[in-house]
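For this one, two forms of the same chain are given in structure tokens, first as structure 1 and then as structure 2.
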Structure 1
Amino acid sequence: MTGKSFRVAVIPGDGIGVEVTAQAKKVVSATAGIFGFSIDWTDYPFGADHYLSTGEVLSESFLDEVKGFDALLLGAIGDPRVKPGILERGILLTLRFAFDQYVNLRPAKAFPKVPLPVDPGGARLDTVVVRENTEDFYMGIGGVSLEGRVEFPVACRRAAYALDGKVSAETDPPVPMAVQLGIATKPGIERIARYAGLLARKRGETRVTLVTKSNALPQIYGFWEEVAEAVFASEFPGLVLEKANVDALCYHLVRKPAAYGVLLCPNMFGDIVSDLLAGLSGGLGMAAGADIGPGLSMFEPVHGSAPDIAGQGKANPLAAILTASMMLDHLGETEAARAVEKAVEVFLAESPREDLPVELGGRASTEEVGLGVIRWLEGISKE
């Protein structure tokens, strides 16, 4: 019984985000009852419906208000009625950047009875993507011109630096064009490399794999390699930093899905590789994630709003539930966090096939899966 009380902000968001978050909240509340802590939830409506009815993406006051919470739980953002980028950048990326959530932690694990598309042989798939979450091509710095002349500001604020300037370029003859800048800084790379090194040590690994592409993009990813190598040489003697070009890594992953431990990724490669690993470990509905920073951290599954299955009760809520377990761990409720993960494991191991989520070949609705996990959670806690 920890007796603690936590304030958690929730953005269920769009599509299946709403459906899976409801189950994650129920599981956390049940856990709180069992382990003797309490959660005070505050729901926020941001997402497509709110935007379409009010014109507001994120309220001015929200960023200020949410600072005072212990964590933020998020479902998924994005809706086919809204142009791609408006809500995703306006909500998700804004939050990641505003709170300097520089770590996007995405474990990919094989769970009992979850069918895998590629047999990992005798090995157990247990890989974690450590994705840099504030830089690279995600900074939103760029421009588009139909007249062959771009001129755009290069401006952003990060905890470690303020970036200011502009880019101007033109083509002769004028041809329509688009430019997107990718930026990597030494402090940006150092802190995520350090996080990956510490995590690898904790996991008892002998190596970390840096996902790179310096053969084609030597400025940005060559720099990444140099800075990350220096961190490992000076701070992690005995831990090898191996490099893998992202194209070859994808090739190796589909042939040997359990061949890697900690994957240290620049932002964009981390996005892509985490969906690949989610597929290899049983589906996006199993893939949990956390955006961790020095201030408010945010907990969101890897998957999106899945408009193709939204509103049908077919979404697998286990990713959101495992995400909530990561949140409990972050809040210091480690026993409760472990119990949730264990309940998911036992639920999967013990349920007949038809009681599993649709994604895993069963027929259970999103809500039935949530209830199934809670039933095991209550059973485990009585043991």
Structure 2
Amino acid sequence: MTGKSFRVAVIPGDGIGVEVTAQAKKVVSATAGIFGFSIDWTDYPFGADHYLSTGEVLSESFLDEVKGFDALLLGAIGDPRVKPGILERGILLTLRFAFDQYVNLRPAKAFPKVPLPVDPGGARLDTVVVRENTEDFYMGIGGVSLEGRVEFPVACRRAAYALDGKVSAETDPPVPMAVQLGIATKPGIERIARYAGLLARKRGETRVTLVTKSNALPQIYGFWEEVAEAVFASEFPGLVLEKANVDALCYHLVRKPAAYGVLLCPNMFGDIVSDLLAGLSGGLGMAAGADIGPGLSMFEPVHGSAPDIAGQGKANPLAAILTASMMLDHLGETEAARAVEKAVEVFLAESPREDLPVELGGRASTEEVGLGVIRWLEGISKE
């Protein structure tokens, strides 16, 4: 019984985000009652409906206000009525960069009765992607020209540095062209490599796999390898840092999904590899995720807003519930976090097929799945 109280901001967002977030909140509130802490929830309306009615993606006061919270729980962002990128960049990327959420953490686990597309060969799939979340080709620095000459400013702010400059390039003869810059810095690589090493030690791993492509992109990913190797050599003796080209890694993951523990990834490769692992571990309805930084951290399941099934009670809330478990662990409520994950496992293992989510071949509604997890959670707490 910790007796602590936590303030959590919530953006349910769009589509099924509203439905699955409601169940995640119920599970967390039930867990808090069992383990003797409390959660003060504050909901925010940001998403497609808010944008279409007000023209506002995030309010001017939100970023300052949310600094005072212990965590942010996010449902899903995206709606076919809004041009792609407006909400995603205006909410997701704004929050990631504003709060220096440099870790994107994506676990991929096999759960009971969740069909896997590839047999892991007797081993249990339990892999986690540690993705650098603020650099690489996702910084939005680039330009397009139809006249064969590109000029654009280079300007961004990160916790460890400010980047300023100008890029100019032209073709002869003029041809339409596009330029996108990927940036990697020593402090950016060091801190994500350090996070991966600490996580590997916590998990009892003997190695970390760095996902790279230095044979084709030697400047940016060769630099990545050099900096990461130096961190492991000086700070993690006995923990092996192995390297795998991203294309070869994807090949091996499909053949042997359970062969890896901690995958350390630059931003772009982490985005791709974590989605592959989500598919290999049973689908987006089981895929939890977190954006972690030194200040406010954000917890969001991997799935999208799925507008085609929104409001029908068919959405699988387990990814959102597992995401909430990650949030509890981040808040220091480790025992409670483990209890939530165990409740999900027991719910899946012990429930008859018809009581499982629709995505897993059952007939249970989103709310019924949430209530089922809570029942098992309460039973586990009495053991």
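Each residue is numbered by where it sits in the sequence of structure 1, with counting from 1. Basically, rigid core = biggest C-alpha set you can superpose within 1.5 Å across the two forms. Computed from a predicted model, the values in this text were never measured in an experiment.
Here the chain appears twice, and structure 2 is the form predicted on its own. Comparing the forms between the two structures, the C-alpha position of Ala162 differs by less than 2 angstroms, with the core used for superposition. With the core held fixed, the Cα of Pro173 is displaced between the two structures by 2 Å or more. After superposing the rigid core, the C-alpha of Gly311 moves by 2 Å or more between the two structures.
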